[in-house]
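Shown next as structure tokens: one chain only, the form predicted on its own.
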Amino acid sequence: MQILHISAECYPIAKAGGLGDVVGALPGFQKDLGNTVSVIMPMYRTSYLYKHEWDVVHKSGANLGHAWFEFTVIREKYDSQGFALYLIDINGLLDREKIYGYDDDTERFCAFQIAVMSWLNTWPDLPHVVHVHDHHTALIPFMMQHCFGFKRLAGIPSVLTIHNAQYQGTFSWDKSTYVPQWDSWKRGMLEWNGVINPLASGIKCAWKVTTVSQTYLQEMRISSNGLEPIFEYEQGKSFGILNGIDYKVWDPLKDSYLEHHFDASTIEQGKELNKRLLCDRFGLDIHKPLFIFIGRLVGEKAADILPQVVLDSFAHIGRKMNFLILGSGDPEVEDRLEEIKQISQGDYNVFIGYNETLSHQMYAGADFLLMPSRVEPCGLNQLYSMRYGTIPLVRKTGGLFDTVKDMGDENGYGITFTHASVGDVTHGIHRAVELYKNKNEFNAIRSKLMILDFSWDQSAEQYVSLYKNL
């Protein structure tokens, strides 16, 4: 089977979040199952671009509304990611370092999708399935079905995976000419609440829709930033397939980011050595349980409550724990987290920014991972932490609900709570501190975490099975 993934992100080429991790891993596992797999993404000016060799495979041009643009398609010469990787370059639109955050993102990703369709339309052998990811590529199912110039592609099954329904890429009808000439009777397949909504269009037009966990799929029928009726109506073609992680990358026994390696049989010594490095670097107490937070400092992650969680934990539980936070986002949250350093007694620190090396070291050295997320479609951090023997402390939502079982339940191995509130998180921290005192139970849970299987193998098979059913 020939599978084509189209995405705005793909790790390690360019990544802003979980989307990049998924598209960087899933195609390789699908190829291992005997499929021919390709990924197409924009040619951002990232370091990966300059460190690898490329072949030019196609040059052409197309219209974005009334403007003409030229594009170039290049292929990574040696398929070093384990699958065919294609980048599309559009001067003036995609030739930037950052993935998102520009005023002309609508123009950038519309042009990218048009270029992909224009190139795909020239392929002598068409793929068996086109798999698009999130709103940045969600107009493609509409283009394949209803744009006159792409009718040759209408018979290719399309799958849309929604990694986060909060972001939908909406734009006004005065930009409707950005979509290549289309059947005006199909206006309703583009529109939602009076605007063009790429994500809504993808849900309507794709042959199948998937989300990154079963619980998140159910939650979107109740809360999906205005798309609830669509998810209710289209539930018959929608499926939840849990994300996995690449155990070759996330392996504490071989992780190149770690100085001290370990597995389930050497977890106590390995965790202690990695924890000591973190505590020495950030001025923390090695004898106290270490709680970490890794992620974007935004409302979805409930990062705004973190400062008060730290302060209330110290006030009500006592200074019996360490906190180490890695992330960036809301400037106000960043400032409040920095301010707490002034009252640290060797039990708190924060690193503002993104650091891949440090994140691996924190998973390896921490005792507990905090994830109080308000929205968490799947979540990967809890899967990384469990792979490294770090106990997740998470809110029961989305993929966190599907992957973390409370230690109070039969065969449980984590700590869960219901609300993204200071009180609920602080209570969870209190439970964790008490667990830390019981070394036998604490170590038993850590060892259990490391042998749980959240690899991509099963998920990749589920996607391939879905394609075959199409």
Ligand code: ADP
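In case it trips you up, residue 1 is the first one in the sequence shown, and so on. What you are looking at is a predicted structure, and each value in this text was computed from that prediction instead of being measured.
Same protein, other form: the form predicted together with the ligand, not shown, and the subject of what follows.
Among Leu380, Cys147, Cys279, Val129, the residue placing a heavy atom within 4.5 Å of the ligand in the predicted bound form is Leu380. Site annotation in the predicted bound form: the residue of Gly169, Pro157, Pro307, Gly327 reaching within 4.5 Å of the ligand with a heavy atom is Gly327. None of 78-86, 111-119, 346-354, 186-194 except one has non-hydrogen atoms within 4.5 angstroms of the ligand in the predicted bound form; the exception is 346-354. In the predicted bound form, the ligand sits within 4.5 Å of a heavy atom belonging to Gly295.
Contact between Lys15 and the ligand in the predicted bound form is found at the 4.5 Å heavy atom cutoff. For Trp250, a non-hydrogen atom is located within 4.5 Å of the ligand in the predicted bound form, even though that partner is not displayed.
Put simply, Phe142 is far from the ligand in the predicted bound form: not one heavy atom of it is within 4.5 Å. Annotation for 33-61: no interface residues with the ligand in the predicted bound form [heavy atom within 4.5 Å].
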